[in-house]
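Only one chain is given next, in structure tokens, and it is the form predicted on its own.
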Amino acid sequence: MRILFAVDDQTYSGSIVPEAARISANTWADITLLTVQSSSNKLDENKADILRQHKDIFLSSIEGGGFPYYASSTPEDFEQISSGWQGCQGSREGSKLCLLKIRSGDTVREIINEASEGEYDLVIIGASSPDCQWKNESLDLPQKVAEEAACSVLVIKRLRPTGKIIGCLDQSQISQESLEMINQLVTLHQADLKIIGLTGPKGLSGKGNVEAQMADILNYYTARDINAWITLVEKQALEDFVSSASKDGIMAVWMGKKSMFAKLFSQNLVEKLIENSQSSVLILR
């Protein structure tokens, strides 16, 4: 698994570094900590220092002294590459990658470009609460990354205890990787899982058909000792349901190419979901 953790120098980025570390270590992922500078003329040393500090916190947040990542005792230098700058230290035999990168240009576009070029599975990004913004950036940066990235995106607005993950999952279309991503969130937060099935004119016809189609998803989680149950929501009530449910726990929405939710969730609804959520939103692809 490959994770891209996009950060800046604000508290909403720094405060979620331990959470990103837990997710990365638990999924045994290669991770890249990325920040963006506006000019490509020379390395912004302030941004390089921010990345070094975040990496120190990242490694210290993992039990076992940073394992499975390589923790060097010397400050990390940067070398110029085609897209910007990259930390020179990578990994050693038997460890996972923990890279530092600085790209140059528009922040939204460079985060999305890195996610695509690096073929990442997940982007993690923090955001201010309650307005869900990045300081000194264009409006709605976290929302734009979540909408446009080709991979899954986890937007974390506030770290708070949660006992519930609410998953809007297509009955038979969700990918194995997305099922596992939700599994990891449930495990990390020791939470219950509420699985949302869609009924109505645009969904599968009939409550019984939906329940039958979702049985495999439910069995997948119960076989892993996760307390999971199904709740059925009619298509016309989806927007009101999402608005209410996002206040109760972490929302996870399957938005892959074949997803029924991707067809029903307008761009405006995705923005509202991320903006109004009290904690985190996971957009799955």
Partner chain sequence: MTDKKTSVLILDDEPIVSKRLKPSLEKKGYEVETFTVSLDALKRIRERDFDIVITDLKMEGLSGMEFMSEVKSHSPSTEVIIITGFATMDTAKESFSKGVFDFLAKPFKLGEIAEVIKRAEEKSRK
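From a predicted model like this one, the values you see are computed outputs, not experimental measurements. Numbering follows the first chain given and starts at 1.
Another form, the form predicted together with the partner chain, is not on view; read the next lines as being about it.
The stretch that touches the partner chain in the predicted bound form, counting heavy atoms within 4.5 Å, is 184-192, out of 105-113, 81-89, 140-148, 184-192. Taken together, Asn26, Glu119 and Tyr220 are fully in contact with the partner chain in the predicted bound form: each brings a heavy atom within 4.5 Å. Interface membership of Thr74, defined by any non-hydrogen atom within 4.5 Å of the partner chain in the predicted bound form, is ruled out. Mapping the unseen interface onto this chain, Arg224 counts among the residues with a heavy atom inside 4.5 Å of the partner chain in the predicted bound form. At a distance threshold of 4.5 angstroms between non-hydrogen atoms, Leu43 is out of contact with the partner chain in the predicted bound form.
Using a 4.5 Å cutoff between non-hydrogen atoms, Ala245 does not count as a contact of the partner chain in the predicted bound form.
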